[in-house]
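Take a look at this single chain, the form predicted on its own, given in structure tokens.
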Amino acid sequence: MLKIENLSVYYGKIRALNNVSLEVRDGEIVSLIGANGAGKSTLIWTVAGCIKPLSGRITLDGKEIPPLPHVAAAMGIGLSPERRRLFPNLTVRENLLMGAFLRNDKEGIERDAKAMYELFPVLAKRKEQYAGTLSGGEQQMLAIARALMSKPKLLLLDEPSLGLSPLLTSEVFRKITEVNQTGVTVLLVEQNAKKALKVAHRAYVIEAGRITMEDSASKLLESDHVRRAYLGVRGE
């Protein structure tokens, strides 16, 4: 579904991504793990059309994604950004409707909003509450639901566990699995490597802007390098 070929991105003279190539197949959860500053979020935002790469190519179902976020969204890219970036002074329901801003099927939008309340029951209880008053976990679920309101082919999740307690992190990851089981393909960027690898089908490791490893998620969980660098397991 998603194919990234030889992608390079610079911020001024600083190279954030260096000839990155990866792919996400239809129906998968693919995780991208790495340390702070490795280039994870840069890659997500470039796929979403928010950053113009210096070189390389990104395609969705064979069609090139231009560096224009509204076009990427119309092509089927949904983004749940790092730190949620909700509209704090809009209600839960209004935030959901903002996720459907490119759609004009009123009945379909209402049907999908109802489906979001079923997928995330806490949002149904809070639908007339301002987003800025929600807990961190509730905000994260709203951010994911808002992205799903665009009916994406591919859902991009940028650090969904950031700032959450272990209990809420587990709940959010359960919801990510449920979303995937509805047929949505997921590219997940996450610092919590253990959680990310446990829900993913395949994964990539990014270090200093380069992809250094790729394999099934289960095999990367057993990798000595991944265990030492990202799972806090000490070597002998």
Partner chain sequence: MGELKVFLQTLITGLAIGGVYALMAVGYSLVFSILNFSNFAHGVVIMLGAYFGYYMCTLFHLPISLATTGAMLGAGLLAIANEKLAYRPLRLRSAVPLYFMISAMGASMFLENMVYVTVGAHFFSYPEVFKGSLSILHAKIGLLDVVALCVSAVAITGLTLFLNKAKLGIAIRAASRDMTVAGALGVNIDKLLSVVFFIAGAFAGIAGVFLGVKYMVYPTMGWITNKAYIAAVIGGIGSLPGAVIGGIILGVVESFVATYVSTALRDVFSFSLLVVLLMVMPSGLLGKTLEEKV
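Just so we're clear, the structure is a prediction, and the values are computed from it rather than from any experiment. Positions refer to the first chain, counted from 1.
Note that the form predicted together with the partner chain isn't included here; everything after this is about it.
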| item | value |
| --- | --- |
| Among the candidates 90, 162, 119, 122, the residue which, in the predicted complex, approaches the partner chain to within 4.5 Å (heavy atoms) | 90 |
| Residue (of 168, 35, 50, 199) lying close to the partner chain in the predicted complex, criterion heavy atoms within 4.5 Å | 50 |
| Close approach of residue 70 to the partner chain in the predicted complex, 4.5 Å, heavy atom | yes |
| Contact of residue 173 with the partner chain in the predicted complex (heavy atom, 4.5 Å) | no |
| Non-hydrogen atom contact residue 81 with the partner chain in the predicted complex at 4.5 angstroms | yes |
| is_contact(residue 115, the partner chain) in the predicted complex, heavy atom dist at most 4.5 Å | no |
| Neighbours of the partner chain in the predicted complex among 139-171 [non-hydrogen atom within 4.5 angstroms] | 146 |
